[in-house]
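Laid out below as structure tokens are two forms of one and the same protein chain, each shown alone and named structure 1 and structure 2.
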Structure 1
Amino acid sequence: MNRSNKTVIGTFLTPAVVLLMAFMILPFVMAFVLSFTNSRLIPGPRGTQYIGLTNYQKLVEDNMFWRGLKHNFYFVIIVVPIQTSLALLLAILVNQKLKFSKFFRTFYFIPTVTAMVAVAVVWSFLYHPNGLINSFLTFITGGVWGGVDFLNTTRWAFPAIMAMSIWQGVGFQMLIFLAGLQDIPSSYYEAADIDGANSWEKFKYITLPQLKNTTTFVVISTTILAFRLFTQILVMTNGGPQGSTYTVMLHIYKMAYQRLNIGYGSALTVVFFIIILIISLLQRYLLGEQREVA
């Protein structure tokens, strides 16, 4: 049987190869090249010039970049553990053999199919100084909570965005954990029952070790999402108040798009990519190349 007909193979591969080259590989390579130039979206009279490491020098001294990066790490440190454990808790809850498990599962994942820009607007209203969240907090604290303007207070704006991001994203990780839970053979639990293990012991000695790969995957993918943080920031605070919610992606957007400085935006992009690359390689290392080609 002919498995090496060049025309046939060419027909199957060409469309995707051309598109990937033009819209992924080319821009990816260009990001590196452009980062050594003063390229602008609308070129000036002297055109684009090679300027060596100037953009990277600028980057090292750019306080807004470091502030953004610090916030991204801050987001990772707070959100990743909370979101991962909450997702696991939700998965365990909806995995119980109860009558309405599926009903609850549905409602827990609904936020994940919404567009971030849409729910970010709804939450801006909930976070209003006279909004529902403030009045609820006042109610449950018996009036101790005085009410704050969440999105306009340096102390509260970022935590408010974090809470909303967890609300929107946790259902997705819940479904990944749920798939992991359902892959654990029930015979493990039956054997533990015979040995007289209690629920906590079963969780600690069977569930958690069996979910090791799933947990690694969830932690890493949530970390990557944290570095891509953009939409909810732009919609809810635009990086403010006083830069307290500024992130790397917002900085790239402002430099490249608003200031049309493609060269500097590219240098920022390269650094951003190197961070993602390190995290992704860490994932491949921890998961032991599970996704290797068959």
Structure 2
Amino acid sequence: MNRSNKTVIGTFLTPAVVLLMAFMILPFVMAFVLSFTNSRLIPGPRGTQYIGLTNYQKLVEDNMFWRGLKHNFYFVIIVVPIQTSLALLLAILVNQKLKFSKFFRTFYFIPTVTAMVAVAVVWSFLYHPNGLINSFLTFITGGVWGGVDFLNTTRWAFPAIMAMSIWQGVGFQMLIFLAGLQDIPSSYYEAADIDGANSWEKFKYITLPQLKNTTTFVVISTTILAFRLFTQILVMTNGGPQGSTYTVMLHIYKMAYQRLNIGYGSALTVVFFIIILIISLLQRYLLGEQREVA
């Protein structure tokens, strides 16, 4: 590689490296440093002081953190498989050479580019006891369905948020799967037709193996996004009712910006980041092992 090529590569990489440093690496380093202090959003008379591992000791005994983490895992375990499967199904459907396929691609993707706050507000109205969802269920059941206050019932609040989150995010994964589908050579399917393979066999032996790298990316990215569950919780339930929708991100927000405890909020952030990083690396390892075995 000559010097001119290195210059061109460096020129294109510099903006990305600067943004990565400014918005990811530097904030994490600052959070790590602050996690060992008693820093507050509004400094006290003594200012910020080093307190060692006190924030991390407090975290171990913080029941709300562990409750939120349990809810995060529950959300990930339910949402990621369902959202990934639906995204693949939608991608296969809109990849067919059918009429209005481009319209449906746009239609499914629109919720993804809509602000989550706006989506959460609209769905809050839909979930109202007298909202459209209850009215529809009452109609199709002939009045058997009596109506439920979804967001104020411990049994229904978290599943309701899961359903809304799946609907809002599935379009993003659909487009990624669609790109992967369109990258599969058509000659593979033509050869399968000659061999007399049916649709299921082509899906099992051609589509799925060819989408392994795409699936790995979708699963990992969806998992990270699922762990970041915050906006819809804050807007729709604020962690209620009775803490049934409380999450780690909401806990970090309340500790750092409502109770003004930046030091403890930073410790929560560092631990949560490490948990997500370990899970992402484990997923990549397991899915990578699948590729090698297959």
Partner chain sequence: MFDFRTRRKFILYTIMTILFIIFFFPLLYMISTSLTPNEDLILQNMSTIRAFFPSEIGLKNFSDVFQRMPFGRFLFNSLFIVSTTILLGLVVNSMMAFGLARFNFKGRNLIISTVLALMIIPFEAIAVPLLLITNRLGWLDSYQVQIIPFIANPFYIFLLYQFFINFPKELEEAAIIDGANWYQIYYKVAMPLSKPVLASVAILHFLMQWRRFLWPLMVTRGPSYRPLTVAMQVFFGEYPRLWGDIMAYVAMMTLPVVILFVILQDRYVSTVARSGIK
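Residue indices: 1-based, along structure 1. Keep in mind that this is a model prediction, so the values were computed, not measured. If you superpose the two forms and keep the largest set of C-alpha atoms that fall within 1.5 Å, you have the rigid core.
Here the chain appears twice, and structure 1 is the form predicted in complex with the partner chain. After superposing the rigid core, the C-alpha of V271 moves by less than 2 Å between the two structures. Once you line up the core between the two structures, the Cα of P27 ends up 2 Å or more from where it was. On a core-based overlay, L281 has a Cα shift of 3.4 Å between the two structures.
For V18, the CA shift between the two structures after superposing the rigid core equals 6.7 Å.
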